[in-house]
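Read the single chain below, which is given as structure tokens and is the form predicted on its own.
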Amino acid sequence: MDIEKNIFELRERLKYIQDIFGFKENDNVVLLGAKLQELTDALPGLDAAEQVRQLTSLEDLFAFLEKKLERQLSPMDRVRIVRHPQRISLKDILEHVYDNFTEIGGQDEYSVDPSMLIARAYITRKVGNKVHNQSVMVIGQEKGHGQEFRNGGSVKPWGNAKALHYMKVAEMENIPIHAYVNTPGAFPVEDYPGAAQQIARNIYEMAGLRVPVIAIFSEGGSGGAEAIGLADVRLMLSHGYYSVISPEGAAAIEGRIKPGQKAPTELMENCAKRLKITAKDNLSLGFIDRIIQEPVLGARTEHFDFFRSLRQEVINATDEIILNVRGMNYFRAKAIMRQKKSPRVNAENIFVRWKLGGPARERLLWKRYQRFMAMSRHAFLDRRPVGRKCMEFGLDLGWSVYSFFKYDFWRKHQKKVSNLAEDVGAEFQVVFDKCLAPARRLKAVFSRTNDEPNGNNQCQLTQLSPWEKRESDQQQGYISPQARKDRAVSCPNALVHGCMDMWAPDLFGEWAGVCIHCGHHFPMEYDWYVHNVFDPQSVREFNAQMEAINPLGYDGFDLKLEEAKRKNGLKSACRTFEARINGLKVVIAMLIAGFRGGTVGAAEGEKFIRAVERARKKRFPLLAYTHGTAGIRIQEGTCGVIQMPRCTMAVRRYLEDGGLYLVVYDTNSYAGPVASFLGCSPYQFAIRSSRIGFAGPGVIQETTGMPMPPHYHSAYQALARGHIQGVWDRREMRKNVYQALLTVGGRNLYYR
């Protein structure tokens, strides 16, 4: 026995345990340290046999106390485990789980991004005497083992863009995707293609991938996890975590920690517990399918048995997806179910071809959609009476039947007939024009000889045009409460542009909160838009009784919710309604900044999804107006973050059915909604006062250490980066929305 080597390994094990529990006063950790030091001091005076005996005894003590410490792990301890440099990395998984692989892409920042590893790999399965090499695309965040250049697995926008590119390659080649999620969160920069915009694009495209996707979570931090985490089967390592925000970030928000300061350890521990981030929590909430058991205190590179079990799990998961959407699968499906219950059974003994045909691919997409739509249904309150629910269900069913016959059945054939008639008419028009050409030339010659000055035209050129009452001159239907204050208001740009002070009744009344000197937009209530953008008496709200609740039992959050409901007279941060703009029917989903910062939770996500479904069934355009959003509601944990893929999938289905989806941003629009169901719209616009991005300036500085320029998130910067397609003046929003509805949709204009 190599005594020195074994002592070194025990020291490494002790250091690992101290890294996880060291700041706590744990008697077991103290005992291990004392016993190891005692043996080290006594070794020179012991004979070889006694050295081996005492070393073996100490190793047994380590194993016993490690199991005891395993049962004492807190959620924050698990966070420290997944972030530890000794934790298995994606390269370790590629070397031990797959039979061969080739890493794809370069190593510099702008080719792949070292934090995102992409590899083409295969798994070899021997069934009988035949060997099958089954290809997969492996994509995941790579932290390495203390390699700083990998940025701790925090991926930059171009890394997520490259991941999406190779997901599409996998779809083209009809091979499964294995996505390993191991990130504290995406790197919050808006440099092209932009963190928020790229994550939104990834989620949107993953919703439509026609190949099996398996996600394995180790560290799943918010939007960075969702960028590659939308999958048909979601597995999670037993020591991993999946959360809307890191415990440190939640503690900084809860404790109102100033930039440069650190949140107390006790507060971080408390937030990690309340957010329900562990594998068992996420399994009970329904956001993952299975837990992969790890060795005591987490999987490290020397745990070869764990790699074998991980290989079995990913093979089983891939087989399960394939057999669920393909025929001829009864006996193999039963065998795979037995394998999931009995880890001793070898998953590689049953051959399943990892290729899907056309019908199976469509079934795969439908099952994926249904799976995510069923998530988080428990996390909001629907106070509609039973009679109202039945009536609305009947109306939805009626609209579905009506739309099918009008648009999918009758109009499909009607369009063929009308297209043929147009082509025939165009052909006759050419012949008709050719025949009448000589007569037109003769008429033109005679008309020139008899021409006299046209007094009518002269009058039109020399006289003023008659005054017509414009729509903007009509009395507004809503006046801001700020207009009732008899005071002068100074523009924040007065020192730069020399703006004069303005009287509040004028500024917030006739001028709609816009400085008439420089165009600065003062904040306005969401009611202003409801009453001044849409036709009078046309707004009809629906699903108003769906209410935000406290699904995780987060301490103190019930009182905060009640205060927000009482203050705003709303039950959630989302209002959904139908309205008209110059007679055109539109479905609107509005996020309201006054209710908990416009944050999105389960109730808001469900209301948004139902608004999208309503627009799809009625064949109406969909307008998402963001009066302001601070992101996903952290107090709802994963119930909130799962709304990112859920809402995006609903939007994708709507767009693929031919819908027109517009997004208009106002005030502060950040984080999850912008990085998913808002950011995936092909037509995004912003009111001039908007600030748009993945994270606010304070969060970026705290995360990256880089101070942000003052106008980094302004609407014009977002326009320059290609995030939005236009910047609007608030006073012209009604006209611009109407213009957009008439022009940008093309074939997607339902109301035509």
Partner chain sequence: MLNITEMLDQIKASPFEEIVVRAPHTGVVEFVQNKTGAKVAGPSGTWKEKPGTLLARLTREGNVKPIHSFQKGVVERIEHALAGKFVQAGTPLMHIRHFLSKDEVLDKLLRKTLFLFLAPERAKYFFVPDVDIKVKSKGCQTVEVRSGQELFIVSRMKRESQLNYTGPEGIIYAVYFETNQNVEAGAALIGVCAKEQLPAIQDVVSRVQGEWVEEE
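Numbering follows the first chain given and starts at 1. In this text the structure is predicted, and so the values were computed from the model without any measurement.
The discussion below concerns the form predicted together with its partner chain, not included here.
- In the model of the complex, its partner chain lies within 4.5 Å of some heavy atom of Met708.
- Contact annotation for Leu283: none of its heavy atoms lies within 4.5 Å of its partner chain in the model of the complex.
- Interface residue remark: Asn324 is not counted as part of the site for its partner chain in the model of the complex, having no heavy atom within 4.5 Å.
- Among residues of the shown chain, Glu427 is not one whose heavy atoms approach its partner chain to within 4.5 Å in the model of the complex.
- Shown without its partner, this chain lists Asp433, Asp486, Glu563, Glu302 as candidates; in the model of the complex, only Asp486 has a non-hydrogen atom within 4.5 angstroms of its partner chain.
- Residue-level contacts in the model of the complex: of Thr265, Ser74, Gln545, Ser490, one residue has a heavy atom within 4.5 Å of its partner chain, and it is Ser490.
- Note on the interface: of 65-73, 708-716, 50-58, 30-38, the segment with non-hydrogen atoms within 4.5 angstroms of its partner chain in the model of the complex is 708-716.
- Applying a 4.5 Å heavy atom cutoff to its partner chain in the model of the complex picks out no residue from 274-307.
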